[in-house]
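Shown below, as structure tokens, is a lone chain in the form predicted alone; questions about how it binds or moves come after it.
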Amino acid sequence: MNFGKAKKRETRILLILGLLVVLIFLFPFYIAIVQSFKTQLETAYNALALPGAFRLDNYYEAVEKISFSTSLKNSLIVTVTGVLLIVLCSSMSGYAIARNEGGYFKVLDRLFLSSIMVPFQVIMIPAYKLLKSLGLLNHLAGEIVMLVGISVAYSSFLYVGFVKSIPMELEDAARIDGCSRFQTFWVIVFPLLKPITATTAALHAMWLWNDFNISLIVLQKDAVRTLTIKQFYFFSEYASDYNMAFAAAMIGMIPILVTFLFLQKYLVSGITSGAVKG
């Protein structure tokens, strides 16, 4: 009986701790949602209280000030194109490294792994000068090139582990049937990479959509700015409109939140079933 009571007490404590953790993680969302409906006067009076009325004025003004349709189009172009190129490049490089462990490919693998540890601030100025010399500043193409280049190393690392879990016998059978190495990869191997492909797409869709540092450096003209950069301009040296900034943030969060909910089932399975295998 004492053992049963102790177990119930432990379960109750764990449940309370779990609820506290959930509340801590949800608290920033509460702040963002509440502030997006408030006026500046209500925020100054009590930042944590609910608004007197749920007004949509902040949302209407935010949509107008950030040129929502243009910013959304830019964000979609950068995110969709970037994710497709990351999946394309990293799946092929990951496959090549996984199936050729010696020589040049071993050096490439170590180079990718070491590049993951290099902070963006180290390459920020050289990358800026390179894009300027290539005429890619203030172009979405320059933003995409930067994001894809930085992302390929980590994505390839994920693919390497997953490819190693695929039996070589499948590829041997395909080559016996007359498939080339290229055909074997796209017809036989790539369809089996669906879990890690979805994981890579979900992770990088969130990162590319929310990117700030690279976008701030590369996209300096108003016509090519993404939603993330547009939100930054609600803050100035002498004044900040937090309510409108939160409203813009909530609007910009919707597309990527829908994408995450659609792909979330692949995230854990993709990472645990393939990425940890060597």
Partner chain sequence: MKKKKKREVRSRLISFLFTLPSLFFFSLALLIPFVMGLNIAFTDWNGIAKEYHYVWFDNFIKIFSDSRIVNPVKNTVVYALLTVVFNNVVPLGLALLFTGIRGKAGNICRLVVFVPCCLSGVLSAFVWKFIYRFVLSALTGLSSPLGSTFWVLPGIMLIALWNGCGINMLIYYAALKNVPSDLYEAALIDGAGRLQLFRNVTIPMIMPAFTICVTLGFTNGLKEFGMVMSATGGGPARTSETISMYIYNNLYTYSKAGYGQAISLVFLLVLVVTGNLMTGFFRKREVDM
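Residue numbers count along the first chain shown, from 1. Given the structure is predicted, the values throughout are model-derived calculations rather than measurements. Think of the rigid core as the biggest set of C-alphas that the two forms share within 1.5 Å after superposition.
Missing here is the form predicted in complex with its partner chain; even so, the following discussion is about that form.
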Open item on the list: Residue-level question: is L111 within 4.5 Å of its partner chain in the model of the complex, judged on heavy atoms?
Closed with: yes
Task: Any non-hydrogen atom of F262 within 4.5 angstroms of its partner chain in the model of the complex - done: no
- [ ] Using a 4.5 Å heavy atom cut-off, state whether S93 contacts its partner chain in the model of the complex.
- [x] yes
Task: Any non-hydrogen atom of V224 within 4.5 angstroms of its partner chain in the model of the complex - done: no
TODO: Could you tell me which one of A198, V152, V163, L140 places a heavy atom within 4.5 Å of its partner chain in the model of the complex?
DONE: V152
TODO: Please state whether every one of the three residues P51, I77 and G135 places a non-hydrogen atom within 4.5 angstroms of its partner chain in the model of the complex.
DONE: no
- [ ] Residue by residue through 39 to 53, tell me which have a non-hydrogen atom within 4.5 angstroms of its partner chain in the model of the complex.
- [x] T43, A47, L48
Task: C-alpha of E42 moved at least 2 Å between this form and the one not shown on rigid core - done: yes
Open item on the list: Given a core-based superposition, decide whether the C-alpha of A223 shifts by 2 Å or more between this form and the one not shown.
Closed with: no
Task: Did M250 shift 2 Å or more between this form and the one not shown, C-alpha, core superposed - done: yes
